[in-house]
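Take a look at this one chain, the form predicted alone, written out in structure tokens.
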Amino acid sequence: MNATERMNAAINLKPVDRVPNAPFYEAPICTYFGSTFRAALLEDQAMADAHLAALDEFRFDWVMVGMGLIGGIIPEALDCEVSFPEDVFPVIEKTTVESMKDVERIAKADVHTDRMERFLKGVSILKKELKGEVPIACEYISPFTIATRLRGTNEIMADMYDNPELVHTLQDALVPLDIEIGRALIEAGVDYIFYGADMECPLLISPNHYRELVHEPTAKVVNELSRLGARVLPHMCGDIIKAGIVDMLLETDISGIMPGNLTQASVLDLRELKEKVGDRTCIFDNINPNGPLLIGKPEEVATETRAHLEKAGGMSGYIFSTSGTTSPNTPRENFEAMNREVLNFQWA
């Protein structure tokens, strides 16, 4: 099987020749292989070069991009003041939504900025080079998470109690913009959209607020991106089973679920998630990027990785991954230890 075939089989809960290897790897490889961190995140050819070098080294089953997109390109396109340092992620220096009167301006924004077009060109270069043998995944964010970028996290959380009309109206304005960005990604060559939803996770908001304020605009975007041809994979931290979020996610047209952390030190139990979803959708593993992978020794990383793989033994629709963003400071020898265990694991 090539990577595209392997991922397709796992997504469809079919047998695979080995464990699909699809971690959130972008930040470390920008450090390991990038001409600069910023260039590898944002600049077409430099981005493509870094990912192709990483693919050759680590034999991932997808190429995954997008942290510069969600952290800087989208907020800047929607009128936030954003800086783009050379050696760290983009920084939102000033938010742009102060009140309801700003929403109409946001709704008229042109998301096809020069920086956006350069990022899309990088995706197109990768698509051409990969020749269909390795799928491209792009990190993406919901209307609610974009709203937190534009309004400010503390402000949007207070708005849910004090000004829910603004939360509704701002998301309504963002839905078509979010879909337009997704459409452009799909046309450039993106196959998988992993839909980062940590700002609406049960660590931050209640299930009632999720149902009342977040679920409908999220479903509109997810369902439309799926209709346009992408496989959408929601990623969310917190106890999404106990909170009932899994049930709401399964109401949408998703192709898998990517669980995250419960705390900085612990992750959602994958077997519990599998028992909940059964054969309704694929699930991704969630090895903690803040644990031994970041601060331990290679042998500790290898032990933890094997434990995750063995726990998933015999599970249909299983793809190895991390529980979220992997730090750019992840020691290369630790990343290599994790990757080696996944590639060498004897999958029954």
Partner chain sequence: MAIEDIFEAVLTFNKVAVAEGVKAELDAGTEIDSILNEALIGALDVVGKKFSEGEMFVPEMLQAAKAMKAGLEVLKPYLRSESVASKGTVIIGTVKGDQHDIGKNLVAMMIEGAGFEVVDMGVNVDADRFVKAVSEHNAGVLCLSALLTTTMPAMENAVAVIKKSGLAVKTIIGGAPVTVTFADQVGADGYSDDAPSAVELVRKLMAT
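Predicted, not measured: the structure shown is a model, and the values here were computed from it. Numbering follows the first chain given and starts at 1.
The same protein has a further form, the form predicted together with its partner chain, not shown here; the description that follows concerns it.
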field: in the predicted bound form, the residue from 124, 113, 169, 206 that sits within 4.5 Å of its partner chain by heavy atoms
entry: 206
- request: Consider the chain as shown here, without its partner, and state which of 186, 157, 136, 248 has a heavy atom within 4.5 Å of its partner chain in the predicted bound form.
  value: 157
message: Is residue 91 part of the interface with its partner chain in the predicted bound form - any heavy atom within 4.5 Å?
response: yes
- prompt: Is residue 153 close enough to touch its partner chain in the predicted bound form, meaning at least one heavy atom pair within 4.5 Å?
  reply: yes
- request: Classify residue 202 as contacting or not contacting its partner chain in the predicted bound form by the rule of any non-hydrogen atom within 4.5 angstroms, answering yes or no.
  value: yes
- request: May I ask you to state whether residue 294 is within 4.5 Å of its partner chain in the predicted bound form, using heavy atom distances?
  value: yes
query: Pick from 160 to 168, 102 to 110, 268 to 276, 231 to 239: which stretch has non-hydrogen atoms within 4.5 Å of its partner chain in the predicted bound form?
result: 160 to 168
Residues of 316 to 342 having any heavy atom within 4.5 Å of its partner chain in the predicted bound form, listed in sequence order: 327, 328, 329
